[in-house]
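Before any questions on how it binds or moves, here is one chain, the form predicted on its own, in structure tokens.
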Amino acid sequence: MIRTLFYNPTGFFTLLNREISRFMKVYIQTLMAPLLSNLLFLGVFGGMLKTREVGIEGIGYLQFLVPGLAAMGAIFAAFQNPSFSIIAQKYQDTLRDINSYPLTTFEKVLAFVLGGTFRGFLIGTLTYIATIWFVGYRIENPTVFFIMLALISFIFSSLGVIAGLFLENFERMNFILAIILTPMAYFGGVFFEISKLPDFLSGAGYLNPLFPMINLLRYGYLGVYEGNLLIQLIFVPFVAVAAFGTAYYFFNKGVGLKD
């Protein structure tokens, strides 16, 4: 089966292993730091607002917060992994060497994307595990929760590949993280229900592309959701395919890989 999908399975897994090993070697920075950051969010917001009502009977604010933090951790980690890797290779002037790898474009892109997906999924899962002590271990629908966590990581890892190809330095990558992704995550339902926002902000929140992803992850965790669940279930896989297809397209055109 693998032989029919891949031209060079050994080369593909070698590249994938390199992408995973790269962040695992500095796990304190790539895994422990974002995990600690999520726990601080849980402690600060949970401690200050633990008695806040979330409009869902039987659901405490800490429980509401967990899937949002897991999604946010997965988003940032998955995006950073391939973008950092590609930009770092630009600095080292080794990125052009990838054109000589005996791999198809599909194999190259998939290796970068899966490396980021694994990191994002790992951060999201570790966030959930770390919060068990605070809110318990129960997940309403584990299959939906972990599939959504994987899809979120896959989407933003694909976007990270695109960013790495187009961006020339880490400052621009950090700009995207700080000015674009962070506000979108905050207003995507990580810390509060979109339906509780004032009319204009609530409408804008529903249009936030991160909202369906966070909402579906919360649905897997708590069994509750906001908005139209069917549309969101169609939207997220569509975005996953579109993001990977776009990454493949630009990679195949050699954007950022050639002088």
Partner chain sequence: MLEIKNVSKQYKKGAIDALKDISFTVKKGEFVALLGQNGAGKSTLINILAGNVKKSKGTVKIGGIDLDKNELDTKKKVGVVHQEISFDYVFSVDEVLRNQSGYFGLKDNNGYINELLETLSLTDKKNDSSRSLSGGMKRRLLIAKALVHRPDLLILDEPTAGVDIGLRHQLYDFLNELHKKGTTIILTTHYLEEAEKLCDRVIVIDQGKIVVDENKKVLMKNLGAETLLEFDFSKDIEIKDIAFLADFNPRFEGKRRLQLKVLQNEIGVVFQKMADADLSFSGFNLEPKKLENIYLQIVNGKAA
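Positions refer to the first chain, counted from 1. Bear in mind that the values here come from a model prediction, so they are computed numbers and not experimental data.
Just so it is clear, the following notes concern the form predicted in complex with its partner chain, a form of the same protein that is not shown.
Q92 is the sole member of Q92, N141, T182, N169 with a non-hydrogen atom within 4.5 Å of its partner chain in the model of the complex.
The candidate spot formed by G11, S21 and P102 is fully in contact with its partner chain in the model of the complex: every one of the three has a heavy atom within 4.5 Å.
In plain terms, the part of the chain that comes close to its partner chain in the model of the complex, with a heavy atom within 4.5 Å, is 103-111 out of 73-81, 160-168, 103-111, 124-132. Contact annotation: L15 falls within 4.5 Å of its partner chain in the model of the complex, judged by heavy atom distances.
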